[in-house]
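First, one chain by itself in structure tokens, the form predicted alone.
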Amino acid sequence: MCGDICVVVETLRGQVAEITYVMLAAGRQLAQGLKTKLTAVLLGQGVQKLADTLGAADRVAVLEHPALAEFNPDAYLTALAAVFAGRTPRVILCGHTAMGTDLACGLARRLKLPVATSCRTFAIEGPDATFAALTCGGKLIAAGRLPDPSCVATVMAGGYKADAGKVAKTPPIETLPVPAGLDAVRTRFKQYIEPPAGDVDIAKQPILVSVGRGVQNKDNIALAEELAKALGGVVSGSRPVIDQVWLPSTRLVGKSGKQVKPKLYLALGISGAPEHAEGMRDAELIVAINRDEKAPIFGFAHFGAAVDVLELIPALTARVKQA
């Protein structure tokens, strides 16, 4: 793994998480630009079968142990520190997720490596690899060089398409030895506690009618709900709508809410701030309605209209019902 780009595979309940494929797409770009190999590091128990889904990597390094069956930061850090000790990968990529950030910081501390966080994209400039990272809630982009000879970086969703990291190929597998200390970790995974059943999961909806500050008040949410019903979709919202409790927090789309990829995303009165865009820019079709023709959302919407959203919604609902 010396000099490799290494992706720490993220799994949940025996399935590879989507952020892993985003990291593989980013890692493939870095590996090609730096003329090195891309290695996927897969931890768990009985997970070797998942290597077939990691075809974007040049090889998959698998470490299995009962203590790694479910995510346990104590066990995972012990394992990863042993895997990378003395090997000096060029870059270790972790997801910018609850699991990934936990691992990245702890791993960097144990290996005494610098960390670049919230990375959205990477680039090759001569002999150097650079990163662009979101900061200040997505309002600013910080750019810099990935420290060498080795560093850790967390990768955010949105900069690369997950599909670019899904390659139908079976990579060679390297089985790693179990390091000392896994049997003596201080924490143990006991069980998953499911959240109570309640609101719909907007991440699974094919059609979302999403509302922002432009709907003006809570009473006008009913207009969006009527349109969503006519379309066969669900109402979601941006941060200002959720903060004012016009919709429950389960309907929040954005960096601090849900990442959604519906077939249709209808944005009503949403400006398109980076925090919101982070959660919905991968929708198959984005239609934006906003009175401000200079609103950022028009920069990535497929179709749009600079009109009063409160005038358009009733007319659009009537047309949909008629159709």
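In this text, the rigid core denotes the largest set of C-alpha atoms whose superposition between the two forms falls within 1.5 Å. Keep in mind that this is a model prediction, so the values were computed, not measured. Note that residue numbering follows the sequence shown and begins at 1.
If you look for the form predicted in complex with a small molecule, you will not find it shown, but the lines that follow are about it.
- For the options Ser249, Thr135, Gln216, Thr175, the one in contact with the small molecule in the predicted complex, meaning a heavy atom within 4.5 Å, is Gln216.
- Screening Val47, Leu34, Leu264, Ala273 for any heavy atom within 4.5 Å of the small molecule in the predicted complex leaves a single hit, Ala273.
- Heavy atoms within 4.5 Å of the small molecule in the predicted complex are found in one stretch of 176 to 184, 160 to 168, 112 to 120, 232 to 240, which is 232 to 240.
- Using a 4.5 angstroms threshold between heavy atoms, Gly212 counts as touching the small molecule in the predicted complex.
- In the predicted complex, the small molecule sits within 4.5 Å of a heavy atom of Val307.
- When contacts are judged by a 4.5 Å heavy atom cut-off, Val41 does not count as touching the small molecule in the predicted complex.
- Among residues of the shown chain, Gln29 is not one whose heavy atoms approach the small molecule to within 4.5 Å in the predicted complex.
- When the rigid core is held fixed, the Cα atom of Ala69 travels less than 2 angstroms between the shown form and the other one.
- After superposition on the rigid core, the Cα of Val307 moves by 2 Å or more between the shown form and the other one.
- After superposition on the rigid core, the Cα atom of Ala273 is displaced by 2 Å or more between the shown form and the other one.
- Compared with the form shown, the Gln29-Val260 C-alpha separation increases in the predicted complex, the change being 3 Å or greater.
- The Cα-Cα distance between Ala26 and Val260 is lengthened by 3 Å or more in the predicted complex relative to the form shown here.
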